[in-house]
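Presented as structure tokens, the chain that follows is alone, the form predicted alone.
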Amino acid sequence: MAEALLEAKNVSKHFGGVVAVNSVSVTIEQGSIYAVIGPNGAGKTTFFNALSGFYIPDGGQVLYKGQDITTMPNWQRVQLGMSRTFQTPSIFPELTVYENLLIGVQSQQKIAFKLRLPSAARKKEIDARIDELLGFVNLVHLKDRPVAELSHGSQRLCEIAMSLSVDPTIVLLDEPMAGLAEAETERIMRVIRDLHDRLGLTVLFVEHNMRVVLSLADHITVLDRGAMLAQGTPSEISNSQTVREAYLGQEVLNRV
């Protein structure tokens, strides 16, 4: 059995009288591709925010490599090796692709933030790293374009490249296929596979597209109304009568 990398133990989060996440437990193994699914309002993003440090849980624990990080702020989790993307790409649209990557690479190399690089030697080093990251997501040819001019799919790829600039061990992707056409969905799917197969990273993602989930994930957790409805392999989830009845529907799973 692979080593547990990220764990949630009975994690709960309330907003006033609303229970957004209710005692959810998951174990993300090192080297896995893990999906969290559920209908709108199921608590997926709230759960993601609790795992990544944007929310502090009201109950339960979050562990990273066995270390309790439940109350640790998100920027410290990044230093441990966790990075994430968002439903709406968290990028700087007025800056070029290169400049967006520059921010992440400079922060990793502990250079004070500024768009003018400190020395010719450092510029060569940083440029090489940026080209490596953009090459991984096939955006080198767009590096001098303002991000606002890119397609939605290319913006998502830029954000993924930014998430890699901090040398993570695990990447959390919040609905990476949202709003994408079929061709762009295929591009993102290939990159997610490459995160795992070529870079050896662990991937945790939220997604509504069941074809994508069943194609990519090793293990799936299904949330419904903030609580865990089911966990299992893609085969177990697609054949679960409970999941069919409560969320996916027979017809949906028969099409994937």
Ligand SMILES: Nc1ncnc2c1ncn2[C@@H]1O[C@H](COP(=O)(O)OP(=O)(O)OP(=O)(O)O)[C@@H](O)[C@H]1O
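Quantities reported herein were computed from a predicted structural model and do not represent experimental measurements. Residues carry their position along the shown sequence, with the first being 1.
Omitted from view is the form predicted in complex with this ligand, to which the following refers.
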Option from 37 to 45, 192 to 200, 213 to 221, 62 to 70 whose residues, in the model of the complex, bring a heavy atom within 4.5 Å of this ligand = 37 to 45
Hey, in the model of the complex, does E184 get a heavy atom within 4.5 angstroms of this ligand?
-> no
Answer yes if any heavy atom of S90 is within 4.5 Å of a heavy atom of this ligand in the model of the complex; otherwise answer no.
-> no
Partner proximity in the model of the complex: E99 to this ligand, non-hydrogen atom cutoff 4.5 Å = no
Is D127 close enough to touch this ligand in the model of the complex, meaning at least one heavy atom pair within 4.5 Å?
-> no
For the stretch 13 to 35, which residues lie within 4.5 Å of this ligand in the model of the complex by non-hydrogen atom distance?
-> F15, V18, A20
